[in-house]
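The chain below stands alone and is given as structure tokens, in the form predicted alone.
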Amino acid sequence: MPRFLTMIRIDEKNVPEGGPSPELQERMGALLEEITKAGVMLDTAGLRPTSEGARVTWDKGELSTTDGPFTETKEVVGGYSICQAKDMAEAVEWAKRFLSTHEDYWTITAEVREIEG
């Protein structure tokens, strides 16, 4: 069965103060329990802010490391999931359900990509 990586993109400057509300956390928890029981979810997690991260670049034979935050980037990956679904349409449907758990004031995007191999 194909596997899919869903990257949740956020604008760190516009994340609601205090993070997800208790109600959102409850809705996400219920959905994650449902998707896990359905045998779809393989792994998921949120990511720490880019201020705690680093980028390692290989360019023309040279390695360089840049510590976060990455101010030139408007959107960053704030979380991910790895699912197995029958096809892209099913994986996108689960991503839509995840995004729909959020309140209207959130602006987030889910990028769904099939994992090769």
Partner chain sequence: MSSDEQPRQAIETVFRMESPRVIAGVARIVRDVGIAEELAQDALVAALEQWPEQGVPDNPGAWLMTAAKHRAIDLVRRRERYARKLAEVGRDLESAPPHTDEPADPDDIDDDLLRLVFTACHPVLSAEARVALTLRLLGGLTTAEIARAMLAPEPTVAQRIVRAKRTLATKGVAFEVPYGPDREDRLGSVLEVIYLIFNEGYAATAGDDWLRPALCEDALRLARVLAGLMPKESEVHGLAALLELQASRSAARTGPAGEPVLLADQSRGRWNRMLIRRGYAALAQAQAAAAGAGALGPYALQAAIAACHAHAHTYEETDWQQIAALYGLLAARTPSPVVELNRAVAVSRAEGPEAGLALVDALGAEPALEGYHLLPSVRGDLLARLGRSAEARAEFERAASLARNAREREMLLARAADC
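Residue numbers count along the first chain shown, from 1. Note that the structure is a prediction, hence the values are computed from the model and not measured.
Missing here is the form predicted in complex with its partner chain; even so, the following discussion is about that form.
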Item to check | Residue stretch of 7 to 15, 92 to 100, 21 to 29, 105 to 113 approaching its partner chain in the model of the complex, non-hydrogen atom distance within 4.5 Å | outcome: 92 to 100
Next on the checklist: Against its partner chain in the model of the complex, would Gly53 count as a contact residue? Criterion: heavy atoms within 4.5 Å.
Outcome noted: no
Checklist entry - Hey, in the model of the complex, does Val76 get a heavy atom within 4.5 angstroms of its partner chain? => result no
Next on the checklist: Asp43 versus its partner chain, in the model of the complex: is there a non-hydrogen atom within 4.5 Å?
Outcome noted: yes
Checklist entry - Can any non-hydrogen atom of Leu47 be found within 4.5 angstroms of its partner chain in the model of the complex? => result no
Item to check | in the model of the complex, residues of 4 to 36 near its partner chain [heavy atom within 4.5 Å] | outcome: Glu34
